[in-house]
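One chain follows as structure tokens, the form predicted alone.
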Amino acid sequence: MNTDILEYRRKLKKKLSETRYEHSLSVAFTSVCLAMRYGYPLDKAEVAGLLHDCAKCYADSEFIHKCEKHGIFLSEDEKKAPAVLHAKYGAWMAREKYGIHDEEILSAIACHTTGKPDMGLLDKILYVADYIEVRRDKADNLAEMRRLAFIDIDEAVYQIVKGTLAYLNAKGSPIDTMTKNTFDDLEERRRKKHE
């Protein structure tokens, strides 16, 4: 076991709301389960899951200022949808406040809300774990995504991104360009796979 995990938990418990802390523990557990299934290092999956929402101690309205203050580039789309910025700022916090220097962990935290083109295995594990963890109950397709996540993680990522875009379109919510780019990348990969 990564001995830093207990320290990360202690810090997060002080910073996050009780429900956000419980969500983080659940995402960490789900990430480890997916890592077991797909042969990924368990300790890295656990750290990514635990710290993925470390910036959720701030309000969405604060992220633009915090990112700009620390020199974190923001696209115009990100500024229109500040709720996704906790991921990008969270990666900065993981590095600067929690001492994480593993680029795979930082990447997974940074893209856990939008995905990204050419996602690595940990990116996919965290993205899916955040969606399917046991305390989630809002999405219509949760049971299917939970099943699919342990059968074909690539298909699970595709279906989650596709569903997210449909949901945001139906609500008329702003859609971050990275989410669109992620979907386009996944579509292209699926097309090539089936040629």
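Being a predicted model, the structure only gives us computed values, none of them experimental. So that there is no doubt, residue numbering starts at 1 and follows the sequence shown.
FYI, the form predicted in complex with a small molecule isn't displayed, but the following is about it.
Peer 1: Met93 near the small molecule in the predicted bound form, any heavy atom under 4.5 Å?
Peer 2: Output for Met93 is no: heavy atoms all beyond 4.5 Å of the small molecule.
Peer 1: Indicate whether Thr113 is a 4.5 Å heavy atom neighbour of the small molecule in the predicted bound form.
Peer 2: Result yes; Thr113 sits at the interface with the small molecule in the predicted bound form.
Peer 1: Is Tyr38 a contact residue for the small molecule in the predicted bound form, using a 4.5 Å heavy atom cut-off?
Peer 2: No, Tyr38 is distant from the partner.
Peer 1: Please check if Arg20 has a heavy atom lying within 4.5 Å of any heavy atom of the small molecule in the predicted bound form.
Peer 2: Yes.
Peer 1: Taking Arg9, Gly99 and Asp123 as a possible spot, do all three reach the small molecule in the predicted bound form with a heavy atom inside 4.5 Å?
Peer 2: Zero of three within 4.5 Å in the predicted bound form.
Peer 1: Counting any heavy atom within 4.5 Å as contact, can you tell me which stretch out of 64-72, 150-158, 51-59, 38-46 lines the small molecule in the predicted bound form?
Peer 2: Of the options given, it is 51-59.
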